[in-house]
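Below sits a lone chain in C-alpha cells, taken as the form predicted on its own.
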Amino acid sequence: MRQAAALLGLALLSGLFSGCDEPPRLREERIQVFGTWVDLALWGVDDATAARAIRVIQGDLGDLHTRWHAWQPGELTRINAALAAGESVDVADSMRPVLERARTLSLRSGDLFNPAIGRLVALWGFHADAPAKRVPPPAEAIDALVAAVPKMGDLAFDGSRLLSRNPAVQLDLGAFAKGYGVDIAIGRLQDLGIRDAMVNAGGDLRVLGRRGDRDWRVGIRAPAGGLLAAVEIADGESVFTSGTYERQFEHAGTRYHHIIDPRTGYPARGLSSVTVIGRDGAEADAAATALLVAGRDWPRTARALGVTAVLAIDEQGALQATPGMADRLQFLDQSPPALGIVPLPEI
C-alpha cells in the first residue's frame, strides 16, 4: 500500500497529559495495518471505551487491508484476475462504493490519481512491502503499458458485476486506501460516542473535536527531515501528504521514487511533496497524489478537485501554498523559508 503520505510525517507536537488526578487525559494506542503504523489518540475517554474503540478499529482496518491488498490473496486480487482475463466479476456490496469513489476521484483529477495502473506499479517493483535492490524496468515494457492507457473510466458496473473495457487495468488502491480507512475509523469512533480523537495512519490523519481546550496541532515534516511547520486542525478535518522520499531506489546516479505518473510510466517529476488539508480523508489522500503527479501544474488540478488548502514543495526545496494553507502555517524556524502564495486558477 502506498507509503508516501508518511513522508511529510505529520506528528503530534505536544506531550501527553498524565496523572490520575488530572483527568481528562490523552490515551494513545498503535496498531500496524496498511503497511504502516496507525496511531489512535483519544481524549477524555474511559478505559473500557478506549479498549473497545481500539479493538473495533483494529478489526475494521485489518479486514480492509486483507480485502483491498492488490498483491496478496483477497477480494481485490480476485477482481484483478477476472479483469485481466476479460471477464466480468461479482463485487461485494462493501467493495462497490470504494471502487465507485475511486473512479469518481480519478475522473475529477484528469486521471492523475489513477488506481488502474497496478501493472506499472508492479513493473517498477513498488508493490512489494520491502522491495529489494533493483534497476528500472525496460523502457519498452513501460511504453507498452502507457500505450494501453489503463484508467478508472474503463470500468463499468452491470448490476453487481464489474467489467473492464481494457484488460491492461489492474487495480491498486494504495494511493486511496489509507484515506478511506481513516474515514471509516473516524466514523466508528463517532458511533462509539467518542467526540475528541485523532486517527493518524503513518502521518496521514483526520481528527474529531478538540484536544482538551484547543484544536489538534500537528507538524509538517520537511522533505529533508525535521519539522518544517505546524498547523492546527479543526473538528472533522484531514491532513494528507504525498511525498517522493521514502520508497525509492537509486540506479546509475538517478533516484527513482514510487509515485508513478500514468502519462509517462515513470516516477512523477517536479515536486517532492504535497500536503492537503480537507474535510474528507479519502478525497484528501487522492488529491495529494494527483497534485504531486501534476507537478508544476498542481494549482489547476487542485481547482478541479475542489482542494483549497495545499502546500507544495518542489525538487529544489522551494515552497508554494494556496492562500487557504498559507494562513494556517506556523513555521518553527526563527528564520522561516520563503513561501510563494499561489491563488488557484479559474477553470
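Keep in mind it's a predicted model, so treat the numbers as computed, not measured. Numbers follow the displayed sequence, beginning with 1.
Heads up, the form predicted together with a small molecule isn't pictured, but that's what we're talking about next.
query = Quick one: which of 241-249, 188-196, 138-146, 85-93 gets within 4.5 Å of the small molecule in the predicted bound form, going by heavy atoms?
reply = Of the stretches listed, the one contacting the partner is 241-249.
ask   = Taking the small molecule in the predicted bound form as the reference, which of 221, 258, 119, 211 has a non-hydrogen atom within 4.5 Å?
value = Only one listed residue qualifies here, and that residue is 258.
inquiry  = in the predicted bound form, is there a heavy atom of the small molecule that lies within 4.5 Å of any heavy atom of residue 182, even though the partner is absent here?
reply    = No - in the predicted bound form, heavy atoms of residue 182 and the small molecule never come within 4.5 Å of each other.
inquiry  = Under a 4.5 Å heavy atom criterion, is residue 293 part of the interface with the small molecule in the predicted bound form?
reply    = Close contact exists here: in the predicted bound form, residue 293 approaches the small molecule to within 4.5 Å, heavy atoms only.
ask   = Contact between residue 205 and the small molecule in the predicted bound form at 4.5 Å, heavy atoms?
value = No, no contact at 4.5 Å.
ask   = Heavy atom to heavy atom, is residue 112 within 4.5 Å of the small molecule in the predicted bound form?
value = Heavy-atom contact with the small molecule at 4.5 Å: present for residue 112.
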